[in-house]
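A lone chain, given as structure tokens: the form predicted alone.
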Amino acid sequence: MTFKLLNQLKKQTPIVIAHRGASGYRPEHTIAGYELAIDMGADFIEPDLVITKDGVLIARHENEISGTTNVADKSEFASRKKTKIINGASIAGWFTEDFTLAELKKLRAKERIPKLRPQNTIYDGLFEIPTLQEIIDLVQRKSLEVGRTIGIYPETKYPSYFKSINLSLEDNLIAVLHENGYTGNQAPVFIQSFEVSNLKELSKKTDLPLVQLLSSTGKPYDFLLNGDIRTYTDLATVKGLKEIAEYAQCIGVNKNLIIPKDIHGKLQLPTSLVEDAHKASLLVHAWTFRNENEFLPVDFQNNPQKEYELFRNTGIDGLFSDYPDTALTI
């Protein structure tokens, strides 16, 4: 399936996935940010998915929303503030699963990293939290408008946690996608997760392409729950990639697994990960490319274009970018 799908959808190599929308220009996970990314030419837009109290999938980077909305300013929701254990960490704030969709629609998005992106703060308070259905409606409308297929690349956030509180993401996600005509392994969809068990579960329920996310540190949270001693770097080995290929079609990897950095933040020689993944019939999508020097290697300060060029030369099949316009100029 994998390379056929890629060749059908891409207009360049690699495909450009708008990371949470055009989040270098608009607050992340807003319709305005997704639409701008599409207008810039992105091949896919990426919504991170969490869920409401009444079971509606919405786009937020975290289920704790004080950093991305004005919920803390809403006196009527002051009593909803809680402290919860999410994936082993104690987090205080307001959580999507404690609100209905109607309540969340009263909130407005704000820039998550205002010190790094002060230009985005002028949009604070303007945009609603979008549902997955609203994002699909946008993508399908814009695909007709611009005359090209625009894909969606949803991530299931905290799947084990949500399953533990009887708000499973997977069945809701598959239902919405299938109802909107996204079926089969050639659909312009990639479903991603940092966990493993939910992707294996999804592989039995849908033929839609699945992506195993791999960080450069730590391990899948469900591995921790299940007592599995392996880490993400174990999954990035030849043996681990073969296992991933049994249930997924792609890996979404931290850039450091492709080109590591030394202790000074300078890039070293590429690893064999891209080649190894391709041998296992897996696509490789790298994350995350950003223009700010805080995110760039020491070698490429003030020159994000050079970083794109270097990684494209490794043979990656796709990349996640906060600045899809920059990605598309290389």
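Keep in mind that what you see is a predicted model, and the values were worked out from it rather than measured. Numbers follow the displayed sequence, beginning with 1.
A second form of this protein, the form predicted together with SN-glycerol-3-phosphate, is not displayed here; the remarks below concern that form.
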{"query": "SN-glycerol-3-phosphate: the contacting residue among E155, E111, E97, E170 in the model of the complex [heavy atom, 4.5 Å]", "finding": "E155"}
{"query": "One stretch from 176-184, 218-226, 189-197, 88-96 that, in the model of the complex, holds residues within 4.5 Å of SN-glycerol-3-phosphate by heavy atom", "finding": "189-197"}
{"query": "Within 4.5 Å of SN-glycerol-3-phosphate in the model of the complex, all of A32, R117 and Y323 (non-hydrogen atom)", "finding": "no"}
{"query": "Distance check, F300 to SN-glycerol-3-phosphate in the model of the complex, heavy atom within 4.5 Å", "finding": "no"}
{"query": "4.5 Å heavy atom contact, D276 and SN-glycerol-3-phosphate in the model of the complex", "finding": "no"}
{"query": "4.5 angstroms heavy atom contact with SN-glycerol-3-phosphate in the model of the complex for T68", "finding": "no"}
{"query": "is_contact(T288, SN-glycerol-3-phosphate) in the model of the complex, heavy atom dist at most 4.5 Å", "finding": "yes"}
{"query": "SN-glycerol-3-phosphate in the model of the complex - contacting residues of 34-62, heavy atom within 4.5 Å", "finding": "E46, D48, H61"}
